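Next up: a single chain in structure tokens, the form predicted on its own.
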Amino acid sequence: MDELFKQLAESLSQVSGFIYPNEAELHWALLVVIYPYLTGLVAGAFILASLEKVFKVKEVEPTYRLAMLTALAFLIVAPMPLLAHLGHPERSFEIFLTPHFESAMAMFGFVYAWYLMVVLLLEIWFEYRADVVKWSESQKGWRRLAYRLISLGSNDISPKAVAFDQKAVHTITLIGIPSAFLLHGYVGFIFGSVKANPWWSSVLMPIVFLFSAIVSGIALVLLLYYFTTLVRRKTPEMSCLNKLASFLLYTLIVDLSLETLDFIHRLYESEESIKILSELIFSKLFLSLTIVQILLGTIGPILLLAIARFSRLPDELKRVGYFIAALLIQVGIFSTRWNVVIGGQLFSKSLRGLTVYKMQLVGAEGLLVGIGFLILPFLILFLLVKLLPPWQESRSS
């Protein structure tokens, strides 16, 4: 009991102004930050993959299958932080048995199931079907058994069947683009619809979330493509990297413009919350918002990408510049999610005080658990790549 009072006294010592007693401790912690970050990577990776299938951007074709597998790996893990955050995660299946259509949070299960089952799995299956059939005949042992199970008994690899597969992939991708927008735009909608919180209540929130998701997904696929190509002792295609960098630069500029517009809109309205929000930005969130998110995670990568993309630097320097910019973008986007989720809970409903968030090292909401959820998608992606190689040279002729 003494230890509990000590922790409470330490927390209250960092509180400024007037806050209600139930606001000293944040209810949404690190795991809720990771959830929108992961779903953003999923939506961004899928939208990048659609550029080749729907919009015929042939330069990014080497990343198509890798982007699809990346989206699947991260989508598998995406709901896990939320389930770990719940007091009784074993009850989560009840949202499917007793749907509550007026609750945005309750409807996430249906959006997730649609995107996973109907969009991602179906598109990957049709894309790989012909190769899987051939691999099931050429491989031995557990791989042959796995490929036969994946093929679902479909052994027809005639030109007509393969052409149907490609048409199905194209159709599913068309359906998947608005589905990807819905998946992550919905996450922004959850925060933007909370009218009682002036930090979240904005009509631009879903759009800002969506464009930041596209930015993070493209940056992640660029990092993975660059890294996996070097691991395989090959040289990344500069035409592909240049096109990825161009899309990344343009979407990052749009994302920054939207966030600036949102800030100007709040400033122009100057509602009663503007004073506490200004204090929040220049005190509690100064490092994570101004330094990490804006300078390091947005303006820095824009300058780096512009210099690397449009200057006459050697290809080696360009590749390094793209890689560093993509890394900084991941830091910046994660900081964006942090500032939204954590920042929206740091001021009192009375609009007269600020609290503090201290992240634990261990425990259900601790740093180690959060790192585990960030590493897990890469482990799943590693297994998926081993089973379903996305490289051009691995495709059956």
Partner chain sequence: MRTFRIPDQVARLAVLFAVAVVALVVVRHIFVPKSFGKLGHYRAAAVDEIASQSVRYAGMQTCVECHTEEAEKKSSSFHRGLACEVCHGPASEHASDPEAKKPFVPRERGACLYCHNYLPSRPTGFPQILEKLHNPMKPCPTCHNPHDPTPPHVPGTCSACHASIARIKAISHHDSLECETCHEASPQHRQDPRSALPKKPTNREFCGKCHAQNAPSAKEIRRIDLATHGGRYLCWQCHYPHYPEGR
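All values reported here derive from a predicted model rather than from experimental measurement. Positions refer to the first chain, counted from 1.
Not on display, but discussed next: the form predicted together with the partner chain.
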| note | The stretch from 299-307, 253-261, 225-233, 97-105 that lies within 4.5 Å of the partner chain in the predicted complex, judged by heavy atoms, is 97-105
| Would residue 284 show up as a contact with the partner chain in the predicted complex if we use heavy atoms at 4.5 Å? | no
| query | Is residue 203 close to the partner chain in the predicted complex, meaning a heavy atom pair under 4.5 Å apart or at it? | reply | no
| With the cut-off set at 4.5 Å between non-hydrogen atoms, does residue 117 touch the partner chain in the predicted complex? | yes
| Is residue 323 close enough to touch the partner chain in the predicted complex, meaning at least one heavy atom pair within 4.5 Å? | no
| remark: Checking 171, 290, 154, 139 against the partner chain in the predicted complex, the residue with a non-hydrogen atom inside 4.5 angstroms turns out to be 154
| So which of 122, 313, 145, 274 reaches within 4.5 angstroms of the partner chain in the predicted complex, heavy atom to heavy atom? | 122
